[in-house]
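The form predicted on its own is given below as one chain in C-alpha cells.
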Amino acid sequence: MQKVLINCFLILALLPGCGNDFPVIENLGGSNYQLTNQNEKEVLFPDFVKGKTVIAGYIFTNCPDICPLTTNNMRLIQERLEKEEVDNVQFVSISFDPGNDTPGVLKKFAEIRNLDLNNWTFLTGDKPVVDKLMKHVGVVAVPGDSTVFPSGKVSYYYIHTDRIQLIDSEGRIRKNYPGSSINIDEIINDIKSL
C-alpha cells in the first residue's frame, strides 16, 4: 500500500499545474513605462493592463513585411478569442519608432486595418522610455537602410525582432512567438491554459 501511495504522489508531483508549462521569461511587474496610446492618453505599461492576459506585439508602422503580418495575426487571435468567448485579454501593439509613430499615426494605422480597439491599444512614447522598454522585453530594433525619393519622402526600415509575447495577469512575460508566422492554435491554447 505504501508503494502505491508513493507512486501516486510521484505522478501528481510530475503533472503540470495551471500555467506551469510557461516559465517566467521576464517580470515586467514593478516597472512602469509612461507611454501614450492612439487616443493621446498617457498610460503606464504594464500597469494599465494588470489583471488581464496580454498579447503584445512590437511594430513600426512603416514596416513593409513583418509588422503587417504580426498585426494581422494579432487580429486573427482577437477574432478567434471572441468567437470562443474567451475574455479578459488585452492586445497591445508598441511602436519602437516613436519619432514617426505618433498617436495619430498609430490611430490611422489601426483604422486602415479596421481593427477592433475595444481591447486593443497602440502605444508610443518618448524614445528613451521606449528604448528602455524594448531592452526589458528583449526586442531589438536596429535602423537599416533608408531611401530618399525625388519628392523628398524618406523610406526607412528597421531590422527587428519578430515577436508576439504572452504576458500573464501579473505582468510576467510567459512565452515568445514569431509574430509574422505564429501558430494561432498554439497561442489560443496557451492563453486558455494560463
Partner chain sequence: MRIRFIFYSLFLIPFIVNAQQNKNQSSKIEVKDAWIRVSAQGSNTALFFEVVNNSDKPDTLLAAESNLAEVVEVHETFKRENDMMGMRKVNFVVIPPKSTVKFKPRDLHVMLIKLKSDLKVGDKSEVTLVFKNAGKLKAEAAVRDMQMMMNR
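None of the values given here were measured: they were computed from a predicted structure. Positions refer to the first chain, counted from 1. Superpose the two forms; the largest set of C-alphas matching within 1.5 Å is the rigid core.
Keep in mind the form predicted in complex with its partner chain is missing from the figure; the text below concerns it.
- Contact annotation: its partner chain lies within 4.5 Å of heavy atoms from the stretch 159-167 in the predicted complex, the single such stretch among 50-58, 32-40, 127-135, 159-167.
- Proximity to its partner chain in the predicted complex holds for none of I25, Q90 and N189, with the criterion being a heavy atom within 4.5 Å.
- Contact annotation for D116: none of its heavy atoms lies within 4.5 Å of its partner chain in the predicted complex.
- Taking the partner from the other structure, its partner chain in the predicted complex has a heavy atom within 4.5 Å of a heavy atom of R75.
- Shown alone here, V140 lies within 4.5 Å of its partner chain in the predicted complex, counting heavy atoms only.
- Contact annotation: I112 falls within 4.5 Å of its partner chain in the predicted complex, judged by heavy atom distances.
- Within 4.5 angstroms of its partner chain in the predicted complex, the stretch 57-86 places a non-hydrogen atom from each of T61, N62, P64, D65, I66, P68, L69, N72, R75, L76, E79, taken in sequence order.
- V140 shows a C-alpha shift below 2 Å between the shown form and the other one [criterion: core-superposed Cα displacement of 2 Å].
- Comparing the forms between the shown form and the other one on their rigid core, the Cα displacement of I159 stays under 2 Å.
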